[in-house]
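What follows is a single chain, given as structure tokens, in the form predicted alone.
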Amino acid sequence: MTAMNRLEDLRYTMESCNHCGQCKWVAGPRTTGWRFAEICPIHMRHHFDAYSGQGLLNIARELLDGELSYEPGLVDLIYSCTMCGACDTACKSIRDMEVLDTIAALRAHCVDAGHGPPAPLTRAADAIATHGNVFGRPRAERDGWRHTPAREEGGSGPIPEPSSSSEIAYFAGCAACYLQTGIARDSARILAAGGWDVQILGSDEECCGRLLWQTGQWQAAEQQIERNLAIFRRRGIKTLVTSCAECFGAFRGIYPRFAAVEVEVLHISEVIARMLREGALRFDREVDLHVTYHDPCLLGRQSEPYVPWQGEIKSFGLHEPPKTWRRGHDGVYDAPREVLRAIPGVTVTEMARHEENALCCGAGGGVAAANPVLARWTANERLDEAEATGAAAIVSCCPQCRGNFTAALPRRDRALDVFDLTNLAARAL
């Protein structure tokens, strides 16, 4: 199916938008004040309707109907979106529409028309195709994290030898393999401490392909998904554990669009929470720290399983057969908080925008590569919110979020530590 046809399939969403503006704001009952009431990063930055879910729906319809043509400024606008899904969740609080899917299809329309994505994202796709990771690093170094300690890791001691026969595999993801290796090392320590014997995929592990789908490079995404699923089958994997929110969200919410996913996918936070409840893991060391927790977009509102649907949209939006909607309410929200509150000495204070209403870190949707200024600006907005809680540190479950927050810190007056959940959990063992 071509991107043009896919965009056409979403015409109901484009034509049903009544410009209410809900896609830009936290739902009223969940709003705690004016300062942190907005939810769309690009509308917060530009204060112009074109930069919003509403505006992108209008652009998609006008391109589809030939009322608008591509030009460089328009393409830059389309690729400014972080694909965080906040507009989608906010819209679905009042009606059933597929805002995020339409934005994704709009980007695929750009690619098919030869106008996208921006050059940095094309280079990332080439790196994935050639080297299996977005950074263009050698495949042979994919499991180098097992041998080289990292400064940010929270645990200590050697990394246990991986299993060669377990049906459970640890999928580290590109960032944890090459840039933030402490996350991968601490995850391996935690899994071993809880008695989980896991495979490490090593050079067989490849990029999850999340970036390819989000940036409209759907053919490359499908090829990457097929490669990964073939690897999982060949290695006999039944359960996949990942410490990367973006990989987790890709396996749950993107892969089913292209193929049947025959493995159980778990995030490391869910595994740790289960270990604690079952008594397989204990936190014996105190970590004296006041933190606030940042919900990653693909672990939170975008982590609900995607259920493909085909049918007819009738009057008043009635879908026949009934459609399974991803509303963002059933994301992985409890497990990370359960783990943090189980660590002796850790105090957790929520930010005004949290769970399905969390503000994006600013790095998603290819924005970190294509528009780093916007990515850092959004990170600073979120860090302002974190500091407003009085916490000394912000904790997340996503290497991308951690990296973007860390990159934004040097320009700030107040020191604020940034941790991945695994760093603190390993420190408490």
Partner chain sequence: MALAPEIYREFEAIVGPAYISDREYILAALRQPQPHSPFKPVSPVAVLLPETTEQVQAIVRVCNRHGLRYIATVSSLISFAYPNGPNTIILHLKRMNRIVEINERDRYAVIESGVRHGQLRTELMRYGLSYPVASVGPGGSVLANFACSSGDNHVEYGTSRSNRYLAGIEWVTPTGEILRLGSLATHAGWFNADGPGPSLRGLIKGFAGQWGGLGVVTRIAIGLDAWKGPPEMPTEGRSPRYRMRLPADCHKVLIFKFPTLDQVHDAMQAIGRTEIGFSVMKYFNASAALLATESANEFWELWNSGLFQRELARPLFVYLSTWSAEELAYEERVLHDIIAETGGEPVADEVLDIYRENMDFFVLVGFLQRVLRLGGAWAPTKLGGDSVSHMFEVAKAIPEFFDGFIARGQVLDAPDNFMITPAEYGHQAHIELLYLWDRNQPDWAEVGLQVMRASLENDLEHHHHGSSPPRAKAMLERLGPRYSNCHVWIERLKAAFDPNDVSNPMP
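Numbering follows the first chain given and starts at 1. What you see is a predicted model; the values in this text were computed from it and never measured.
Keep in mind the form predicted together with its partner chain is missing from the figure; the text below concerns it.
Asker: Though its partner chain is not shown, can you say which of G114, G157, P72, P308 has a heavy atom within 4.5 Å of it in the predicted complex?
Answerer: Of the listed residues, the single hit is P72.
Asker: Could you spot which one of E206, E222, E355, E153 gets a heavy atom to within 4.5 Å of its partner chain in the predicted complex?
Answerer: Residue within 4.5 Å of the partner: E355.
Asker: Would its partner chain in the predicted complex be within 4.5 angstroms of a non-hydrogen atom of every residue among D197, F283 and R285?
Answerer: Not a single residue of the candidate spot has a heavy atom within 4.5 Å of its partner chain in the predicted complex.
Asker: Residue-level question: is Q400 within 4.5 Å of its partner chain in the predicted complex, judged on heavy atoms?
Answerer: No, Q400 stays farther than 4.5 Å from its partner chain in the predicted complex.
Asker: Answer yes if any heavy atom of E15 is within 4.5 Å of a heavy atom of its partner chain in the predicted complex; otherwise answer no.
Answerer: Contact with its partner chain, yes.
Asker: Flag G317 as yes or no: does it have a non-hydrogen atom within 4.5 angstroms of any non-hydrogen atom of its partner chain in the predicted complex?
Answerer: Answer yes; at least one heavy atom of G317 falls within 4.5 Å of its partner chain in the predicted complex.
Asker: Closest heavy atom of W377 to its partner chain in the predicted complex, within 4.5 Å or not?
Answerer: The answer is no: W377 has no heavy atom within 4.5 Å of its partner chain.
Asker: Which of 229-237, 177-185, 323-331, 99-107 has heavy atoms within 4.5 Å of its partner chain in the predicted complex?
Answerer: Stretch with heavy atoms near the partner: 323-331.
Asker: Within 67-92, which residues come within 4.5 Å of its partner chain in the predicted complex, counting heavy atoms only?
Answerer: If the 4.5 Å heavy-atom criterion is applied to its partner chain in the predicted complex, 67-92 yields E67, L68, E71, P72, G73, L74, L77, T89, K92.
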